[in-house]
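Take a look at this one chain, the form predicted alone, written out in structure tokens.
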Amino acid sequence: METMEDMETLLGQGRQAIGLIFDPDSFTENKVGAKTFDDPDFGPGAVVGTAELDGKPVTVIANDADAFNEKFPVVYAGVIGMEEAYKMAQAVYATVAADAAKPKAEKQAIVLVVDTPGNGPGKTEEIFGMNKATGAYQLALAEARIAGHPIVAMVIGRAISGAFLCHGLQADQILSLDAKFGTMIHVMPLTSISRIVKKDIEVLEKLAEGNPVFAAGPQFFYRLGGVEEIVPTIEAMRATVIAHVAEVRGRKANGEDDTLGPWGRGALGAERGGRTVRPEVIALLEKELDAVASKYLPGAA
């Protein structure tokens, strides 16, 4: 039997990762709060449910790379399609609803197990509103985070493009397995950037050698503040996720919400030398806003 020490990658193995991260045999699929997902054909690429992490219940949202959505042929290999995004959003809102009356310290954590090569932008999905589905999932996570739910994303494989925007970047903190396990993080491949910015691919490849904005991989995203911690071994995932859920909960209890989520990652990236211009741009924008605020914002001095 293959052990964690023998495993070379978790690419395409979201379900296996659930068994490695959470308490043994504690995962109940398709049940979150009062919500039961009883249609097996709806969003089959999305794995949602409730598990225990160090004895405490958590909501789990992951990808199933072995699933294929027959209604949308572009949804396979972990792609987050329109149904998958809505299913994931429903799991988040079910968590929020279940804990609506609880104080922040008791809000159930949400753990995202991330391994997705992107969204499913087929013609049908674009017509029906793929952007609305992914936007709904992003909004759900943002609302849960603001409501006090600790949200930690664990990248076990691919975290790419718009799918990572909705399934990861709204988390309080993002963790990633080391690049030696095949993990890949980037918002857009260089070939696409080349077409958009009208630069030769060779120029971008040169920039990607040292500039974290153009480079791909968890180590570069770490410099940008996007990854809070790189997990060195598969075996260490569980303890690391437990620790960061506790850390996030503690920061929220202390009113340190600005150190978490997208805003916190920006500040962390500046500290690590990956986003050095960001503070200057923010200061300039705030200065310009202050100059005109009295004209447009009611009550502004």
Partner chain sequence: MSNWSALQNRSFLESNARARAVGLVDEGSFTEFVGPFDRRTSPHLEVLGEAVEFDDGIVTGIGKIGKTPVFMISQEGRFIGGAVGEVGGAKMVGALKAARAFAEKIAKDFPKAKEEEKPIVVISFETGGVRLHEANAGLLAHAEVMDQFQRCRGIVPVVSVIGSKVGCFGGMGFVAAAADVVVMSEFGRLGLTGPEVIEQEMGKEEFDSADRGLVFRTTGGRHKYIMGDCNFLVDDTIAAFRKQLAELGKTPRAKFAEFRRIGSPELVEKQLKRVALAAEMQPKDARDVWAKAGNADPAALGNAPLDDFRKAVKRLTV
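This is a predicted model, so every value here is computed, not measured. Take the two forms, find the largest set of C-alpha atoms that superpose within 1.5 Å, and that set is the rigid core. Positions refer to the first chain, counted from 1.
One more form of this protein, predicted in complex with its partner chain, exists but is not displayed; see below.
- Picking from 107-115, 148-156, 161-169, 176-184 the stretch near its partner chain in the predicted complex, with a 4.5 Å limit on heavy atoms, gives 161-169.
- With a 4.5 Å cutoff on heavy atoms, R249 does not count as touching its partner chain in the predicted complex; it lies far away.
- Contact check for D25: every heavy atom lies farther than 4.5 Å from its partner chain in the predicted complex.
- By the criterion of a heavy atom within 4.5 Å, R238 is excluded from the residues contacting its partner chain in the predicted complex.
- Its partner chain is not drawn, but in the predicted complex it has a heavy atom within 4.5 Å of E143.
- If you take 85-124 and check each residue for a heavy atom within 4.5 Å of its partner chain in the predicted complex, you get Y86, A89, Q90, Y93, N119, G120, P121, G122, K123, T124, in sequence order.
- Once the rigid core is used as the reference frame, the Cα position of A147 differs between the shown form and the other one by less than 2 Å.
- With the core held fixed, the Cα of L20 is displaced between the shown form and the other one by less than 2 Å.
- P189 is among the residues whose C-alpha shifts by 2 Å or more between the shown form and the other one once the rigid core is aligned.
- Pairwise change in the predicted complex: E202 and A179 C-alpha atoms lie closer than in the shown form, at least 3 Å.
- The pair P189 and K180 is at least 3 angstroms closer at the CA level in the predicted complex than in the present model.
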